[in-house]
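The chain below stands alone and is given in structure tokens; this is the form predicted alone.
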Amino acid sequence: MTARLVSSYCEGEWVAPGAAGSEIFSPLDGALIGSCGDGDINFEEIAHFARTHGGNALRAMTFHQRAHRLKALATYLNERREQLYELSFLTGATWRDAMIDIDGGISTLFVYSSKGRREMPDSKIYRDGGIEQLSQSGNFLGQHICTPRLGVGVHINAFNFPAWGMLEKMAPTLLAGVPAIVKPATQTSFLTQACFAMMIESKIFPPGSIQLIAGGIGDLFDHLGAQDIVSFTGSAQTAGKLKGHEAFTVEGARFMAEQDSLNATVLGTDCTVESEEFTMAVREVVREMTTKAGQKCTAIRRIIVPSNLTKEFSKAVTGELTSISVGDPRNKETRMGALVSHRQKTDVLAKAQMLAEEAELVFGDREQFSSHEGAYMSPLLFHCSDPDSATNIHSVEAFGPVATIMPYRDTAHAIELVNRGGGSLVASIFTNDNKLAREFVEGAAAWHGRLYFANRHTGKEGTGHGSPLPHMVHGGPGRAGGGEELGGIRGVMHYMQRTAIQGNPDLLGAITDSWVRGSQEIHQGPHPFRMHFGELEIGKTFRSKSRQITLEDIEHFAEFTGDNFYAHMDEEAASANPFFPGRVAHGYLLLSFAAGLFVDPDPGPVLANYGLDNLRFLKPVSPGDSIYVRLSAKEKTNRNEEYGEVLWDVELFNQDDEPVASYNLLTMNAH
């Protein structure tokens, strides 16, 4: 096999490793894979290049434009992912492991593209929350907004997920409008570089948006400031050293960490050997121990089982582990491949020895594969009979196929043991008891980034204990680092600055590309429903004629719909209600009449009304009252070449110009 040169990509050029670059050896047979690092890189210049070229180009786009590029990138990589599988085997990963890493990373790009287009505006400014009225008249308002930080996102990734680790950090960063500098772990950098090279070849993102450092980060941190963000995945020890740098303690750069995590799984007290949850938990433990050879930040390390079931559970897990084939990951029959390197294997075995001081080895052989050239090892299952007195099993993470079973007395005891991990990315609870699940949330959520509940009802639809999804928070408190890399749009917010803006309605509307109540209304021209998406202006307003509400209207609506609620039909009962002056109109009668007042009935650019949001009934409408409607184009979002989405602000008023109802109407309008 020809040795690979793992090059960096800086300022639009590939930089080959220098003579003192680190050698990378195969975990399968010890052969030389390649060389990485020690290239001629000016770290101050690449940070400057990212901020100026990459940052300026990204910020010139809207959130939707960046989201569309994420989708294009995901599609490009997806069409070429097979090329990455062969390289993935050289990390010790099996076929299934490779899919989790490569396909999982590409899927994350797709998800963030979708969320960016659905949950963020087609604008350069993100509105965080609603308008705050800061004056009685409504002429002075407040709004929180988020804008891209003007720095660079530095991503320091771990060895275990060379593709997913890069892509899951990159997706929210680029969506936010911030350029990224990626620093992969040396041992698996060849796979990261191959994936990264495809991204450069695609030319989907502008120059400077993404750069790659293969090797050490040199003096990069010396050139970071208050607008920059570092996102780190690795050990707590390394994270502690990095965040002590003056870039964070003095200059104010942000530091996010996803680090050590002694994740646990709990079998609920409601489970029996015959229950479906028992079988599900056994299979989940075995999967988590052996997927990626246990080299997952979310893998199960502690197995907490009712004391009366510990023996049976241990026996069941042992039985499943016996069928696990360990060997060459290129063989599709192999269930567990090699650890990433001999160095990693040595570290895992040393940590396993520390666990053996407090627990008995019930499955596995620490000497198996000891003479093999590859970094293979047996799964190791321990049993700790006294978890209350133990310390290592709650503090030492053997980052490999190693886990410890321990008994608990009752739910409170299980929660206590789970929390002794000092902060975890995830804990899973196998239970069919909703009350027990609630107890775990109240007692353990504060120490966990995610709680995964599984039972017979989730079945095969559950994604699994150790599967971080881009929609949900990936991070955790305390020992786990305190960060939230993912979590949908929450992950994007790490790379943005939240700012409060204050001013009059027209000013706030101009800044946020929306119409704000109290802003200038545009009345000239045709009915807004006669205007195509492109010609419709934000603030285009229609004020309807009035319609009187009669007692006959109310009674007919009640008879027609079957809604005979007493507030509409019983004068005495309605008068006794503190909210009503007597019989009043149905709220949905008002909505129906409102539509009749503002809808233009003829075929035209409005293709569909697909819902309403934020409906509020503000003041009762009595028989004899009149209502009229103000309809204003509030926001516009382009969806495709055929149509766009329009959000309308709708407000109903009575004859005294008092608001009686308000809501947002959603329509699809043709271009």
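Computed from a predicted structure; not experimentally measured. Heads up: residue numbers just count along the shown sequence, starting at 1.
The same protein also exists as the form predicted in complex with a small molecule; that form is not shown, yet it is the one meant from here on.
S.K.: Might residue 234 be said to contact the small molecule in the predicted complex, defining contact as any heavy atom within 4.5 Å?
M.R.: Because a heavy atom of residue 234 falls inside 4.5 Å of the small molecule in the predicted complex, the answer is yes.
S.K.: Please determine whether residue 241 contacts the small molecule in the predicted complex, using a 4.5 Å cut-off between heavy atoms.
M.R.: Output for residue 241 is yes: heavy atoms within 4.5 Å of the small molecule.
S.K.: Does the small molecule get within 4.5 angstroms of any non-hydrogen atom of residue 593 in the predicted complex?
M.R.: Residue 593 lies outside the contact set for the small molecule.
S.K.: Give a yes or no for residue 173: in the predicted complex, does one of its heavy atoms lie within 4.5 Å of a heavy atom belonging to the small molecule?
M.R.: Close contact is absent here: in the predicted complex, residue 173 is far from the small molecule, nothing within 4.5 Å, heavy atoms only.
S.K.: Just give me the single entry in 101, 288, 228, 260 that has a non-hydrogen atom within 4.5 angstroms of the small molecule in the predicted complex.
M.R.: Of the listed residues, the single hit is 260.
S.K.: In the predicted complex, which of the listed residues (186, 310, 455, 341) lies with a heavy atom within 4.5 Å of the small molecule?
M.R.: It is 186 that has a heavy atom within 4.5 Å of the partner.
S.K.: In the predicted complex, do 159, 297 and 474 all put a heavy atom within 4.5 Å of the small molecule?
M.R.: Spot residues vs the small molecule: full contact, yes.
S.K.: Which one, 457-465, 583-591, 352-360, 176-184, holds residues whose non-hydrogen atoms are within 4.5 Å of the small molecule in the predicted complex?
M.R.: Residues of 176-184 come within 4.5 Å of the partner.
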